[in-house]
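Shown here is one chain on its own, the form predicted alone, set out as structure tokens.
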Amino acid sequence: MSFSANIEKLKPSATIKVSTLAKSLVAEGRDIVNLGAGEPDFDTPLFIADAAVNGVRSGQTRYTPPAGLPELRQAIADHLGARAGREINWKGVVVSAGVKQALFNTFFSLCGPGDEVLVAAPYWTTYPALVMLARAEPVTVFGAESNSFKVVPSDLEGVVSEKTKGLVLNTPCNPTGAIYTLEELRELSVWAKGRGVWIVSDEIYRNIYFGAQGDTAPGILNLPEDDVGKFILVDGASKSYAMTGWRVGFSYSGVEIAQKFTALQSQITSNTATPSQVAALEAFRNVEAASSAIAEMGVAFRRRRDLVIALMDRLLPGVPYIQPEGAFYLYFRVDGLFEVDENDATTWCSRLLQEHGVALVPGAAFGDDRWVRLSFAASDALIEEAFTRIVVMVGTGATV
């Protein structure tokens, strides 16, 4: 059967594939510890869920403008303005069905055949796929492992070309948990501005930050405006507010490109589901309740981050890992744990799942199949059980 060239290289999301397999094994009665999922294990805060229910009951179930409810766009602009310390134009905000759609809008609007997009790696598995859907070419760029793989301008100079249209950054990073400092972001922004390259800054994990309590990770809006050229900021409600299934993301950009995103979205999905927008409006507008919920979840994520680091150091000494500064992932290298017939982390993860019932995501999804991603968006007990099983498989003799 012949298919369009648009999708000939397209593969299912590797992270979703692992989570789906784990859930199917659970349905078969297997005892599976699923640390592959990229979503908080908390319920959506009640004040948000109640707003959606009340909205449905009061008839807020009809179409909205394709770019979203104007009051939601304004609330997001206010949220961004509080981050930036300056006024943000709400007309640059486009609400989308999750960050994936915001990214699709971005690449499909900015790129085409012959263009290249630099993708800082390890990367979220969806970035290269969406670039290719736009018929452009993703160019993977790794920073130094000693710098948590964060890229610097000298890394980019080795791969930039006249075809380069954009640079994708993710901070805090999925899968590493690394965070670009404000000075690192400034250097990259100045480099991109000088090259005429768009920066696409994915800051979906910004509120899940292990710096000073109450702070958020640095972002592109914290930079002096003179240092920033063309950029698209993408973010959403999924991670900060435990709203993954509600599918509410957004982009912020100049008004002209936001209008292009809106026109594209009007032909693809139209508006994000109206009840989801009503829920997100409460999340972004009720700052006091939202801050309390984020802080409560943050305490749990910080404790779990400390737990996985302690377990790695005690049970798997010598196994390299990246110290997570944000998000809820531990990225560690397993090629030193391969059996004789194993050549990649995909095979290693398959053995771990099938024989020991632990689901992790192999690094092939992120650009390097020597590494794996463990999500610590799970209870302490499940995390400890997962490490117990990993230790059994690798045979270190250590005990939790």
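We number the residues from 1 along the sequence you see. Small disclaimer: the values here were computed from a predicted structure and weren't measured.
Quick note: we don't show the form predicted together with ligand PLP, though the next part is all about it.
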| item | value |
| --- | --- |
| Contact of N174 with ligand PLP in the model of the complex (heavy atom, 4.5 Å) | yes |
| Close approach of Y127 to ligand PLP in the model of the complex, 4.5 Å, heavy atom | yes |
| In the model of the complex, P362 touching ligand PLP (heavy atom, 4.5 Å) | no |
| G98: touches ligand PLP in the model of the complex, heavy atom cutoff 4.5 angstroms | yes |
| Heavy atom within 4.5 Å of ligand PLP in the model of the complex - residue from A290, M312, V197, I204 | I204 |
| One residue of H79, R304, K239, K150 in contact with ligand PLP, assessed in the model of the complex (non-hydrogen atom, 4.5 angstroms) | K239 |
| 4.5 Å heavy atom contact with ligand PLP in the model of the complex for all of G38, N170 and R247 | yes |
| Ligand PLP in the model of the complex: contacting segment from 264-272, 153-161, 178-186, 99-107, heavy atom within 4.5 Å | 99-107 |
